[in-house]
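Below, in structure tokens: the form predicted alone, a single chain.
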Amino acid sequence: MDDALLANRELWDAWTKIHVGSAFYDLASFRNGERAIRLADYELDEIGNVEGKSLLHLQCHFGLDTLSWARLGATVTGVDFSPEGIATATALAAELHIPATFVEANLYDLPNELDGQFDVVYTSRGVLGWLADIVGWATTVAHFVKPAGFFYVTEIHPVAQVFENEGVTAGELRLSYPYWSHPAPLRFEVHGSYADPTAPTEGLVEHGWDHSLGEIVSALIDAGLRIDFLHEFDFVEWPVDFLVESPDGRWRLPAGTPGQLPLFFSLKATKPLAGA
């Protein structure tokens, strides 16, 4: 890993320790089954029944979504580059007696670290901005999808990422960041985390990259996948300063804002059978 990825791994190790005790993740209700499935309604609808299917979860953090798919009947493998995240996920699976495999690996190295292909390759929410190379990402994704299997991602929309998210008011859209991919990362001092803004994170930094929707879609097509759908939504799943919280807990533009913006998207892409 280069310095930026090493710094990001240090950050996610620290965030894992913060997140396991946070109200945001509410691990107690996952343990006792009160909130046993941590997947969005549209994910469940768009992915469908996973009973008996093999599922690879890329960038799985400490595994709540991965283990949710296992509770729904999938045979799951979760991957993350954070040693703390993978150790926590492995311990949680053992504690709850949920069959699951977790692998510590940089996504770009994964084809050398993990064998096999999967019916479903899944990744979700707040992941693509941590990746420097979207073409390399798509190549890794396609490598692990079985013929006739599919890849699914849901993520903040690249259009939403171009606006300043700190020190702005609801509805204030201040164009500040790139839309298309850029080789040099954006660098930010870290103050808490999305799960706990007050958590101590002094000295930690985050490095991020932007990728346009066209670049994401084209990279998957070029890697050999066929796009089944691309859906765009009017919400984000976490607090954003220029948005307001809706009654359903999602964040949207304030009522009365002129015009519209796509804020989130989901995409499904299938690997065709040979000769299809």
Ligand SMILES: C[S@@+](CC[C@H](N)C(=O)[O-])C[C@H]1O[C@@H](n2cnc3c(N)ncnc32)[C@H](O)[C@@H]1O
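All figures in this text were calculated on a predicted structure; none of them were measured in a lab. Residue numbers here begin at 1 and follow the sequence given.
What comes next is about the form predicted together with the ligand, which is not displayed.
K.L.:
Give a yes or no on whether every one of L27, V50 and Y152 sits within 4.5 angstroms of the ligand in the predicted bound form by heavy atom.
P.N.:
The answer is no; none of L27, V50 and Y152 reaches the ligand.
K.L.:
In the predicted bound form, which of 140-148, 157-165, 178-186, 103-111 comes within 4.5 Å of the ligand (heavy atoms)?
P.N.:
Within 4.5 Å of the partner lies stretch 103-111.
K.L.:
I'd like to know if R125 sits close to the ligand in the predicted bound form, meaning any non-hydrogen atom pair within 4.5 angstroms.
P.N.:
Close contact exists here: in the predicted bound form, R125 approaches the ligand to within 4.5 Å, heavy atoms only.
K.L.:
Can you check whether L5 is within 4.5 Å of the ligand in the predicted bound form, heavy atom basis?
P.N.:
Contact with the ligand, yes.
K.L.:
For Q59, is any heavy atom within 4.5 Å of the ligand in the predicted bound form, or not?
P.N.:
Yes, contact at 4.5 Å.
K.L.:
Although the partner isn't part of this model, could you tell me whether L131 comes within 4.5 Å of the ligand in the predicted bound form, counting any heavy atom of the residue?
P.N.:
Within the cut-off, so yes.
K.L.:
Give me the residue from T201, T77, T88, S82 that has a heavy atom within 4.5 Å of the ligand in the predicted bound form.
P.N.:
Looking at the other structure, the residue within range turns out to be S82.
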